[in-house]
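This document starts with one chain, in the form predicted alone, laid out as structure tokens.
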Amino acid sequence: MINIRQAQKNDVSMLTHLARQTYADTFGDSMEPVELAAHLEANLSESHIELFVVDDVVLIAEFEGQMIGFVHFSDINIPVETPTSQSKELQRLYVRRDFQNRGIGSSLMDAALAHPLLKEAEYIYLDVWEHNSGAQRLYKRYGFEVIGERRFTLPSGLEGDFDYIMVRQGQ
């Protein structure tokens, strides 16, 4: 049985480990090890994860006491042309590789969309790696549509692959 709950400050250390592990599993082969290490330090350090937990909303999926996935959402930060004051952003939805394709991503998405921050949103934006077809399928099932793309910039300043920008109109 999967338990989904809101992250607390005492979860930061384990959540940081999970975030770094799932990011490396998903994107690690697409960049040089030094770029991956720099990205993880710049974006998924313990201090960054603590800010997410305190300032945004992070929901954790647990199975038998283990963190196996999480979803992170907030006010909009993604660069879109005409965000409204009620626009929000789904920033991350990651599931451990050994728990993927078991409905956990869907459970996290259901919980996120039921949360008042997203439930009351006029638009929900996200970006997804062009080569992550599984995530794209999940988002499309939830009514997200591609509206643009942007280049992912590596920590060194080099340009990487594209991310698709997707949007879903709120309920």
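In this text, residue numbers run from 1 along the sequence as written. Just so it is clear, the structure is predicted and the values come from calculations on it, not from any experiment.
Heads up, the form predicted together with a small molecule isn't pictured, but that's what we're talking about next.
Problem - Touches the small molecule in the predicted complex: T22 (any heavy atom, 4.5 Å) - result: Although the small molecule is absent here, T22 would touch it in the predicted complex, with heavy atoms inside 4.5 Å.
Exercise for the section: Answer for N77 alone: is it within 4.5 Å of the small molecule in the predicted complex, judged on heavy atom distances? Expected result: It does not: once the small molecule is placed as it appears in the predicted complex, N77 has no heavy atom within 4.5 Å of it.
Practice task
Verify the contact flag for Y123: yes if a non-hydrogen atom of it lies within 4.5 Å of a non-hydrogen atom of the small molecule in the predicted complex, no if not.
Solution key: Y123: no, not in contact with the small molecule in the predicted complex.
Handout entry: in the predicted complex, Q100 touching the small molecule (heavy atom, 4.5 Å)
Key = Close contact exists here: in the predicted complex, Q100 approaches the small molecule to within 4.5 Å, heavy atoms only.
Problem - Single option in L138, L118, L59, V53 placed near the small molecule in the predicted complex, where near means a heavy atom within 4.5 Å - result: Here the answer is residue option L138.
Handout entry: Proximity to the small molecule in the predicted complex (heavy atom, within 4.5 Å), stretch among 59 to 67, 28 to 36, 42 to 50, 127 to 135
Key = That would be 127 to 135.
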